[in-house]
Every structure is written in C-alpha cells, then in structure tokens.
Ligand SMILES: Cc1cc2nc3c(=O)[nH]c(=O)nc-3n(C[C@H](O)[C@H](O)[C@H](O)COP(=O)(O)O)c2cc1C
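Take a look at this single chain in structure tokens; it is the form predicted alone.
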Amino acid sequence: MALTVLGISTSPRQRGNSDLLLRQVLAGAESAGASTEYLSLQGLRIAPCQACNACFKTGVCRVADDFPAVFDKLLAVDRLVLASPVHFMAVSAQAKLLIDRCQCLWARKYILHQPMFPEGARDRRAMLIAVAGSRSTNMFRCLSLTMQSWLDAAAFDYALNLFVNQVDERGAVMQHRAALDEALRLGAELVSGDKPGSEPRTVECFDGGKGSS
C-alpha cells in the first residue's frame, strides 16, 4: 500500500512561493510512489487556542470549527509537509493557529499519557518548507524550534527542512532552479529515504536564485 503524504500550505497567498515549493515536493513524493494530498489553510476557519484546558481531560479540542477535519488528516497520514512563509521570524499566522490547536495532542501525550496509536508506533516523518524575503537566515532557526516541539506532540519524526531566502514577490521562486530541484528531490527522499536521525537534515537555498535558470 502506498505511503500517504499530506502537504499543508499555510501561505495567505494563492500560489505564493512556499505554496509552489510544496506542490513541487508533493510531485517528488508522487514520483517515488506515494499517494499525496494538498491542503491549503487559506479560507478555512480555524480559531486560536482558547487555553480552556478542556483537552487536559478529554484529549480532544472542544472548539467547533474547521480544525477537526485537518486534525483527522494529521493523524491518518504517514508523511507531512508544512509549507510556510516567514513572518517576523516565525511561521505564518495560519500555521501558528493550526499548531496551537494541536495542544490537545500535547495533552494526550504529556497529561493523559495516552498512546497516539494504540496499535503501536508508526513510521511517520515530517518536513518543513520555509521561504523568506529577507537576506537574513537567522529566522529559520526560530521556525525549526517551533516545528520540533509541534512534531513531537504530533508523533512525527522531524526529517527534513528546505529553507529559501531572498524570495519575496509572488511566484519569484519559479526562477530559482536550485530550490525547485531540491524540492522535487526532497519529496522523493521523504518517502523513500532512510529513517531520520535525531536532527532534521536541512537543505538551504540562500542565493535568491542568482545564477539559476
């Protein structure tokens, strides 16, 4: 049975740069035999975490909106790819809403001590795509820390990063041949590569596409 890959675009722009790289990663995963699904958070109604701690007793978020449908997909898949632009040294607001609402997963693991999968541990791996307009590279470390904490709660091994800077205008990444090629290759690696170590492998495309075709 084919591995399943869920790609979540958290960009507020349709076909923004992180979104385009996500589509490329999913194409790479498909080329390696995976079954993929693309999901954009744009237009979904996901409220902030209310810090009500109801999930400390049930392991379930009680806020009624579009989150449960996304939550079910997160639990079902073998591989996850989250794509986000960098906003003020962090993931997008859309991404952070999703991450914070997964407090119920943290509660299951650390408060209720419930196994995520009663049938036994699964080989689940995740990847982060992050794109920034700035020349700086410091912000990518901030995003990695957020992902590390979130993926631990969600029972994914944090396998891969693709970081691209100096790409700002919508669609500009289509001129960044190196980033597009790496995205395609990493998609296949996420599906068929060896089990990741304790730290994610990071690919950096930090030239803004200069010299690429």
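Since this is a predicted model, take the numbers as computed values, not measurements. Residues carry their position along the shown sequence, with the first being 1.
Although it is not shown, the form predicted together with the named molecule is what the next lines describe.
Look at the stretches 97 to 105, 116 to 124, 84 to 92, 71 to 79 and give the one with heavy atoms within 4.5 Å of the named molecule in the predicted bound form. In short, 84 to 92.
Even though the partner isn't displayed, in the predicted bound form is R13 close enough to the named molecule, meaning a heavy atom within 4.5 Å? Contact check for R13: yes, within 4.5 Å of the named molecule in the predicted bound form.
With the cut-off set at 4.5 Å between non-hydrogen atoms, does Q24 touch the named molecule in the predicted bound form? Answer no; every heavy atom of Q24 is more than 4.5 Å from the named molecule in the predicted bound form.
Contact flag, D168 vs the named molecule in the predicted bound form, heavy atom cut 4.5 Å: Yes, D168 sits close enough to the named molecule in the predicted bound form that at least one of its heavy atoms falls within 4.5 Å.
Taking heavy atoms only, is L128 within 4.5 angstroms of the named molecule in the predicted bound form? Heavy-atom contact with the named molecule at 4.5 Å: absent for L128.
Residue by residue through 133 to 156, which ones have a non-hydrogen atom no more than 4.5 angstroms from the named molecule in the predicted bound form? Contacting residues: G133, S134, M139.
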